[in-house]
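The chain below stands alone, shown as structure tokens; this is the form predicted alone.
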Amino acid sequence: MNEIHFNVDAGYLEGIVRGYRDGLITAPQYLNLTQCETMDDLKLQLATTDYGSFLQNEPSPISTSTLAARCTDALVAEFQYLQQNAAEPISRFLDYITYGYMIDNVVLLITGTLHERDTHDLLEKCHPLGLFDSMPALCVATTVQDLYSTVMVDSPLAGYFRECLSAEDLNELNIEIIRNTLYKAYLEDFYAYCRGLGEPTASIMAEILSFEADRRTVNITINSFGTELSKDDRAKLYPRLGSMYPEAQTRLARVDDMDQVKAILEQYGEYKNMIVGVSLSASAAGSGGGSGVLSLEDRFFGKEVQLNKDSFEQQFHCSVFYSWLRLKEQEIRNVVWIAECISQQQKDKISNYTPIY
């Protein structure tokens, strides 16, 4: 997008999202949160943050699940305000951000349909940012084939399904393979779209999405150990972008254990320091997996936070909208982690969150 004309359509929203960024919980506020003894204390401390108005009517004592839901409500309200006031190309960019949540929601409904659960109940568990107009129609489907046909006609994800999956695949493939197949197509499409927006959005989003592709490549590799997924099928799930594409991906597709993964990561400067002193076996757990030991996923979260903070160092680009949302999500994970430690009286682990500012 031409920087000279950026402010005409997006200057107001960029100012809004930078204001949202300034409302993120700071280090002193986190310190106050970690010193809380009860959930009521935590709720009182959060009253001074952007979550205050969403928590004020909740009865005490508040549960961690309710806390997470109200914090997510705050995120959704702010994001939807951006959507409601956005014009092209910002509106299209924001739509792309929601596609990742749509994939999770559709996969949840597929799982429910396969297990003959009431999909109307599952609809309440869907992420609000991943809802689309025809989603209630998916709940009418009684078979996976019906659901596939509905998605193909009425869903923004139709292109990804058409490109990657057939109706038979939904019955035969593991649900996580379906999720990763769709997310691969989405990530590649989003990357190509961002490249077409011009500088500086193209270069900033390329770095962020390349990192996301690398993270997914490593996690897919580690999570496939001990499963029936073949090495050839593993390679098909890797996004075709990122610093690990194609050489490291080719090698990761052939590894059999954590030590081999570590040996490959050590050859990449940005990941060599990241794996020092971490537990690869807890890679998918996050927050040390509750063990107090840093996992690779914790380091990935830290790297993601830094990339998204760096996004705000430049002006006149779309990337700040994506970066704010990812930082807000990390903040919610931090708050929920602190709340869980308080409710379970695990105060020795309460500082195992990923700081932002």
Partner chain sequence: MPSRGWGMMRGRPKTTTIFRSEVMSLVQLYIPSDVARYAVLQLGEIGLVQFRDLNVEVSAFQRSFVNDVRRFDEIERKLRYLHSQLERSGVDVYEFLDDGFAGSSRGPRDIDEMEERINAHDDRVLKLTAAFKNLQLKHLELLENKYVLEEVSSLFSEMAGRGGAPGAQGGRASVATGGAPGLDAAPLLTRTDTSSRRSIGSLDAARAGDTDFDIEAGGVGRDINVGFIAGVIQRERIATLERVLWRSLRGNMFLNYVDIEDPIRDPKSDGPVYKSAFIVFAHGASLRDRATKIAESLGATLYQVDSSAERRQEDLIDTMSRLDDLQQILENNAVARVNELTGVAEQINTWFTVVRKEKAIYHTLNLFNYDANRNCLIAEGWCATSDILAIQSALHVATENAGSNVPTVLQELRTTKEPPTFVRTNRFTDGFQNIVDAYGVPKAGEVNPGLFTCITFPFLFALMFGDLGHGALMTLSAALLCAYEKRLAWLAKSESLRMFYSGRYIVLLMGVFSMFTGLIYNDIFSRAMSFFPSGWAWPADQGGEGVTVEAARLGGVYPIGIDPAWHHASNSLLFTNSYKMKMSIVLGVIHMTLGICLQVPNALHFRKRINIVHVFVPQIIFLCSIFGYLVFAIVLKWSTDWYARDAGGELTHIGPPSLLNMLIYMFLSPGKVSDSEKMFRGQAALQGFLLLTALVCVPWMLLVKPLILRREHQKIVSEGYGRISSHVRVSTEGEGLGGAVIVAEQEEMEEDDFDFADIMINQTIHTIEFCLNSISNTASYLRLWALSLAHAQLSEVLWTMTFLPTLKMSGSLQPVAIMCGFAVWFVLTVGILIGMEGLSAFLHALRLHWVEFNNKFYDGTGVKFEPFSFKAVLDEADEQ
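Keep in mind that what you see is a predicted model, and the values were worked out from it rather than measured. Positions refer to the first chain, counted from 1. Between two forms, the rigid core is defined as the largest C-alpha subset superposing within 1.5 Å.
As for the form predicted in complex with its partner chain, it is not shown, yet the points below apply to it.
Engineer: Which one of these stretches, 176-184, 116-124, 84-92, 258-266, sits within 4.5 Å of its partner chain in the predicted complex when only heavy atoms are counted?
Structural biologist: Stretch 116-124 is the one.
Engineer: So which of A77, V153, A192, V276 gets a non-hydrogen atom within 4.5 Å of its partner chain in the predicted complex?
Structural biologist: Contact residue from the list: V153.
Engineer: Work out which of Q315, Q35, S63, Q306 lies within 4.5 Å of its partner chain in the predicted complex, going by heavy atoms.
Structural biologist: Checking each option against its partner chain in the predicted complex, the one that comes within 4.5 Å is Q35.
Engineer: With a 4.5 Å heavy atom cut-off, would you call V140 a contact of its partner chain in the predicted complex?
Structural biologist: Contact with its partner chain, yes.
Engineer: I'd like to know if D50 sits close to its partner chain in the predicted complex, meaning any non-hydrogen atom pair within 4.5 angstroms.
Structural biologist: No, no contact at 4.5 Å.
Engineer: Answer yes if any heavy atom of L44 is within 4.5 Å of a heavy atom of its partner chain in the predicted complex; otherwise answer no.
Structural biologist: Answer yes; at least one heavy atom of L44 falls within 4.5 Å of its partner chain in the predicted complex.
Engineer: Evaluate D133 for contact with its partner chain in the predicted complex, applying a 4.5 angstroms cut-off between non-hydrogen atoms, and reply yes or no.
Structural biologist: So D133 counts as contacting its partner chain.
Engineer: Check, residue by residue, if E199, Q346 and D348 all come within 4.5 Å of its partner chain in the predicted complex, counting heavy atoms only.
Structural biologist: The answer is no; none of E199, Q346 and D348 reaches its partner chain.
Engineer: Looking at its partner chain in the predicted complex, which residues in 40-72 have at least one heavy atom within 4.5 Å of it?
Structural biologist: D40, D41, L44, Q45, Q56, N57, E58, P59, S60 sit within 4.5 Å of the partner.
Engineer: Is the shift of A137 between the shown form and the other one large enough to count as movement, that is, does its C-alpha move by 2 Å or more after the core is superposed?
Structural biologist: Yes.
Engineer: Taking 2 Å as the cut-off, check whether the CA of D118 shifts that much or more between the shown form and the other one after a rigid core fit.
Structural biologist: Yes; that C-alpha moves by at least 2 Å between the shown form and the other one.
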